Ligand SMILES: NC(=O)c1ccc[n+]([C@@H]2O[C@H](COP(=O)([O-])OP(=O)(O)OC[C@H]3O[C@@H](n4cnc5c(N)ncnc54)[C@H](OP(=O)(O)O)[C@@H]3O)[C@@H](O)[C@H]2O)c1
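Quick setup: one chain, the form predicted alone, written in structure tokens, and binding and motion questions come after.
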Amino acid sequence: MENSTSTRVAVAGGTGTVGRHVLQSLADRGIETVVLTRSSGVDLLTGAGLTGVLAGVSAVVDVTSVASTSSARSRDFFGTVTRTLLEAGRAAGVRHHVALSIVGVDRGRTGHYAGKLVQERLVEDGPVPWTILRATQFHELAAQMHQALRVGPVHLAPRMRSQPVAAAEVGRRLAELALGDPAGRARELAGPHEESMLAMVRAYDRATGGRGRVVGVPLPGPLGRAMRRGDLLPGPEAELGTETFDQWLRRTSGRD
């Protein structure tokens, strides 16, 4: 499918953590892109601004996300956005729908994972040929948790086993998949080795000059148990990225 003179790819959520890397990877290949975000005039929850935008688009990459731990809100968000994109893609003649999901989504099943599971099922049963890429947590999650899970001088970090991957590597893989033929379920993508999320948040705190105390906490419910058991780790056939968390941290904190 790859042909810089005719290929046009739309990226839903193109200004986010992964989306900006998808756009950069496509731009590096000379591919014309369309950004589907509210800032570009498109509301994927209502479909406003989407009419006509997908004309001439050969593939749609969906990396939208919602910051919520509510299963109901997550299911509503991903269900609505996925239905909107698939119907608009069908009407516009889009030939390939690529969705980013999460390794272990069928074992987590609650909170954010509940919505991603709905998304996967809609894509699989939808009217547009598809590819789904499951990736592990991103290195960037440590920074997000450091900022969000704070109680006074104390930073909280979930006790979980993870094999994080750089968002840039996920973005490059999604761009590659979008330029190829629909593949169904792609190989999982994970980082080069397992890490402790608690250790990652502590390392991020030190690297950024923080002086807070970082405390590990077990998250409640099925998702918390899945995290601690290692249910969100990749399978043996997963494709592994190359950048370790420490390398990512040195690069992004200016220590290199």
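Bear in mind the structure is a predicted one, so any value in this text is a computation, not a measurement. Residue numbers here begin at 1 and follow the sequence given.
The same protein also has a form predicted in complex with the named molecule, omitted here; what follows describes it.
When the named molecule is considered in the predicted complex, only one residue from R38, R29, R225, R213 comes within 4.5 Å through any heavy atom, namely R38. Screening L177, L122, I102, A157 for any heavy atom within 4.5 Å of the named molecule in the predicted complex leaves a single hit, I102. Stretch 72 to 80 is the answer when you ask which of 123 to 131, 72 to 80, 88 to 96, 178 to 186 has residues with heavy atoms within 4.5 Å of the named molecule in the predicted complex. In the predicted complex, T17 approaches the named molecule with a heavy atom inside 4.5 Å. At least one heavy atom of S65 is located within 4.5 Å of the named molecule in the predicted complex. Taking non-hydrogen atoms only, H112 approaches the named molecule to within 4.5 angstroms in the predicted complex. Shown alone here, L44 lies within 4.5 Å of the named molecule in the predicted complex, counting heavy atoms only.
For the partner-free chain shown, H112, K116, A135, T136, Q137 of 105 to 137 come within 4.5 angstroms of the named molecule in the predicted complex, judged by any non-hydrogen atom.
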